[in-house]
Every structure is written in structure tokens, then in C-alpha cells.
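Quick heads-up: it's one chain on its own, the form predicted on its own, in C-alpha cells.
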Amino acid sequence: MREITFTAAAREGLAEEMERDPTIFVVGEGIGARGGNFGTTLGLYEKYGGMRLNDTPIAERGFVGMCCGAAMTGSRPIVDFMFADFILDAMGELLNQIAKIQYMSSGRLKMPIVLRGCIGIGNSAATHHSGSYYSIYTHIPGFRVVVPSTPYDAKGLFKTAIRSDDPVMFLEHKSLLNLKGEVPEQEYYLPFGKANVVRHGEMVTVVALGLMVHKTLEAAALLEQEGISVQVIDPRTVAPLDMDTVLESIHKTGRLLIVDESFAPCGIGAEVTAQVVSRGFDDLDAPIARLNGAHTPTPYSPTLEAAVVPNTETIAQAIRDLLKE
């Protein structure tokens, strides 16, 4: 099977869907002739022109509201907001319009809109370009929230997102954009709400998100040399969240660690913990552990930036500590 980058895989999925469905168009800053800040639409402007690859001014609430109306009236807009922090300027449109319109119309109106962009800490991007915020959108009824970690998942989940009649937050960690992985040439789709067991193990379950999936796999490989067997689960989507796969794993291992670069308070780890305590408490042999990024704005300094997020060694040590419980 061929290997392509995360960005190329998602872009290929977008190109396939745009060719199939003329109602799909993309809106964002720099996504036209320039091909996007991260190459997300590279080459598509030449094929489809400015009507379907529409460069915008810096006016997030304006173009998100415009796309909300377009989705209500039969189009399938994709908002490329570059960084997750930028879309916060459109929170009123997101929460009061996009997330609610299907309920408010008793299902008569659909909201087939995809909002995609980069999340995550890295490359000295500082605090205005390093947010993730997926726990916020998971909290709001109506959104589907996708956090892919591989090129294969990026393409399959993006194609599913584009075909969805619900609003989808498609959040891509910027440190994964150049990651290469196997992607089939034939068409495929991946369902929402189905986690991926990326490593099988017997002694501890680790649920990891986005970039942390890869950091956890590195930690698991190190711990294997110490005789520690780690099972790693990538949820892929956090709304819907596949708790059945997590609970099945804990039934086997008896221990759970959640690794999430984002903040701990009211985060995805808190939700996973609450559901495990409610539905799988008797399977636990130790308290649930969480490993998160520091609850602080992201520093610009590379040294400080590296200090506020989990890494391979801190994940490995958290697993060792959990096994001592």
C-alpha cells in the first residue's frame, strides 16, 4: 500500500468528494490560489475556481454565518479556519445557530457543514495558535467532533464528515500534518463513534488523543522492554465517543490511563473517567489516572512549550506509577 502524508490524505478525500458533489465548496483565509496555509486545498483552485474555493477576509463570524445559511439551503460548505483558536470568534454562530438549527426546525433543516482546522501545541506557535478546544464542542448537543491521528483515519473520517448531514468539527493536530502512513487508493469511509485499538496489551489500557497516540505508542514500546504490556486505544471521534471499546479493554486489563494534550478540567479524560466509573467500576483494579497538558496558556519559548505537554517519558512513567497501585 502507498504511503502519503496526513495532509495529502485529507486533501485527496476532499478532492474525491468535490468531484462527486457540486454542492460542496470551501471557504477560508488563503485557501484559494495559495492552497491553504497547510496545503489543505493545494491544486483544487485551479480545477474548481473561486466559486468553490472562496478566499475570505479575516471575518470568521461573517463567513461561518454565511456557511450556516448555505448549509440550511442545500449546499455542503467546508470552513477551513486554519487554527482552532481563530474559529472562537464565531462562537455565537457555532453554538446558537449551527449546533441548534436541526432541533429548532424539528429536523426539517439539515446542517451539513464541516469546520476543519489545526489544533495542538508545537513549533513555538504560542497561545493564539495552539488551542484544541474539542472538549468544548463535545459538550454542545448537535456537533460531531473528530480528532484523527493517522493519514488513513484523516481521509476516511474526512470523507464521512463531508457526507454527514450534521455539523462536524474536524480537528487536525499540526504536528501530524507531515506524518506519512498507508492509505488505500480505493475509496473508503470510516464510521464515527468507532475507536481503534492501535496496540494490544494485557496489563494497562491507555486512551490517547491525536498526537498523544503516537507518543503513547513510543512509551509502550519502551515499556515492553521492561515486561509491561500496554493496550492503546485511539477514540478517533470524541462526539460520538466509543466507550464500549474502552470498557471491553478495561475488563481485560483492570487499569486505565487517559493521555490528552489538552487541559484536564472538564476535559475528555474527565468524561471517560465518569463513564468508566458508572459502567465499569467493578473491572478496575486501581484508580483511573489522567495525564494532561498543563492548565496554562501555551508559552512561546520552545523549552517552556515542551514542558507543558506530555511526552514519551512522562507517559511511560505514568503507566509505571499506575501499575504500582
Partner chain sequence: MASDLNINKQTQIALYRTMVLIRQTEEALARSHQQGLIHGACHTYVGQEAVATGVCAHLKHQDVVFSTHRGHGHALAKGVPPREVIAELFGRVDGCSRGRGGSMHLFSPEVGLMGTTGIVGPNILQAAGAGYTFKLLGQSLVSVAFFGDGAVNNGAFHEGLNLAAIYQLPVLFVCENNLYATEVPFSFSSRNPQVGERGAMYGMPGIVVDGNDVLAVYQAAGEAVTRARSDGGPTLIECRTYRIRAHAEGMRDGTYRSTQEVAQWKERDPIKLLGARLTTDGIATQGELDEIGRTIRAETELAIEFAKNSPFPDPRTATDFIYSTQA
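Positions refer to the first chain, counted from 1. What you see is a predicted model, and the numbers here were worked out from it, not measured in a lab.
The same protein also has a form predicted in complex with the partner chain, omitted here; what follows describes it.
None of the heavy atoms of residue 317 is located within 4.5 Å of the partner chain in the predicted bound form.
With a 4.5 Å cutoff on heavy atoms, residue 88 does not count as touching the partner chain in the predicted bound form; it lies far away. The partner chain is not drawn, but in the predicted bound form it has no heavy atom within 4.5 Å of residue 261. Contact annotation: residue 22 falls within 4.5 Å of the partner chain in the predicted bound form, judged by heavy atom distances.
Contact with the partner chain in the predicted bound form holds for all three of 52, 68 and 75, each having a heavy atom within 4.5 Å.
Contact with the partner chain in the predicted bound form, judged by any heavy atom within 4.5 Å, is made by just one of 108, 128, 200, 251: 108. Exactly one listed residue, out of 144, 173, 236, 255, brings a non-hydrogen atom to within 4.5 Å of the partner chain in the predicted bound form: 144. Picking from 164-172, 117-125, 228-236, 206-214 the stretch near the partner chain in the predicted bound form, with a 4.5 Å limit on heavy atoms, gives 164-172. Residues 93, 96, 97, 101, 102, 103, 104 are the members of 79-104 with a non-hydrogen atom no more than 4.5 angstroms from the partner chain in the predicted bound form.
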